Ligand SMILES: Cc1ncc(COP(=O)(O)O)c(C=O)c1O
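Taking the form predicted on its own, here's one chain by itself in structure tokens.
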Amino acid sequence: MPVSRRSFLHALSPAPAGPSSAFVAARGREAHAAEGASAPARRSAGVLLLDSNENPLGPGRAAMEALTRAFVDAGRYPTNARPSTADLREAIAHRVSVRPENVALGAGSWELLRSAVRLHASSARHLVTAAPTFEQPEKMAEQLGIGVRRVPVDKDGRIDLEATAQAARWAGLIFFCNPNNPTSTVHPARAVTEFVTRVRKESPDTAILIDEAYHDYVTDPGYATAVPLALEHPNVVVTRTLSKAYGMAGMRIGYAVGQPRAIENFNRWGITFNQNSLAVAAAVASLGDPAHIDAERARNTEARAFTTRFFQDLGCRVMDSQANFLFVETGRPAREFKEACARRGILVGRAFPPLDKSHARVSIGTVDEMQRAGVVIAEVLGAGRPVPAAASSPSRPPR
């Protein structure tokens, strides 16, 4: 069916419950990419996508309006469109309180994580990563024939900083996901600073990449961004993405923050035009709309608390979540739990070794979605208990 410019713009026009924001959010695509699931089946009517940690509401109104206006520049390279990639770098720098030369752009944070492995690890200098954690750096290392040392998380699902520091000697790169995906736990600012200081002293040539993909969802008062550490140390870099709280997973906007020399190295490995004109416009508008992120954090915090209580009422241990997903001890293999939920129209996260025999990751949707999912999950786990009502109806963030 041919699509005209008018019909495309109509589809993009922001609406409280329209399909356009879901399209931009690309909900469920992380799991699709990781497991090769059937995209048509994943988009079936009534299926709940609680498997890829996206914002269930998609981008805010400011981003959608900017996206619509930017269609006139679809024929321009992102360096020539208005706003341009230079404007996006400026917007990120302003948002994070750094200078533009401290910012590298990526096609989501995936590109940046993979580039970090290429830049710092080698056959002689291994990658250190948690087990489990986000897999992209490990996958990149394996593709390049680089050794990987996997450090199991502790009993509470937190990255074991003592064991990681020991494994870091002679390493090329440490991947430190904070909050950690999939365990959802976070380390406070003091612990992160002490860890970086120790590694810099004991293995000064080892680079540290601190991934803050879920930064905007953290409510722990002891947490703080590691951006100041990246500005202080030449081989510390922080990465972030607009795929999560900003609801723009389908637009592939990521960035790294570090000292200018480190950023220059990322830029040398970066894909030419790793942004597109429409995504740039939406990202600039979204970065200038902090109220949307505040509302999204509040929505997620309420839904997260509701879902945590639900699982605890079923007798399941839930790790302390500071993200937009939970890591739950279901007492059965993740694949078995996932398949049982999928047969009932609820998609939850994939297996994460070495905890895949007992734990599962469940992304946080809206409270209404989590209530619906709770009915299925209680049935799958054999609890058969009624799902409690939410304490209050969440207000929808500005769209």
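From a predicted model like this one, the values you see are computed outputs, not experimental measurements. A residue's number is simply how far along the shown sequence it sits, counting from 1.
Form predicted in complex with the named molecule: not shown, discussed below.
Colleague: Have a look at Ala213, Ile208, Val117, Val186 for me and say which one sits with a heavy atom within 4.5 Å of the named molecule in the model of the complex.
Modeller: It is Ala213 that has a heavy atom within 4.5 Å of the partner.
Colleague: Pick from Asn300, Thr241, Thr307, Ser277: which has a non-hydrogen atom within 4.5 Å of the named molecule in the model of the complex?
Modeller: Looking at Asn300, Thr241, Thr307, Ser277 one by one, just Thr241 meets the 4.5 Å heavy-atom criterion.
Colleague: Which among 157-165, 223-231, 102-110, 87-95 is in contact with the named molecule in the model of the complex, heavy atoms within 4.5 angstroms?
Modeller: Stretch with heavy atoms near the partner: 102-110.
Colleague: Would all three of Phe134, Cys177 and Asn181 be in contact with the named molecule in the model of the complex, where contact means some heavy atom lies within 4.5 Å?
Modeller: Per the other structure, all of Phe134, Cys177 and Asn181 touch the named molecule.
Colleague: Since only the chain is shown here, I'm wondering whether Tyr77 would be in contact with the named molecule in the model of the complex (any heavy atom pair within 4.5 Å).
Modeller: Tyr77 belongs to the contact set for the named molecule.
Colleague: Whether Arg252 contacts the named molecule in the model of the complex should be assessed with a 4.5 Å heavy atom distance threshold; does it?
Modeller: Yes, Arg252 sits close enough to the named molecule in the model of the complex that at least one of its heavy atoms falls within 4.5 Å.
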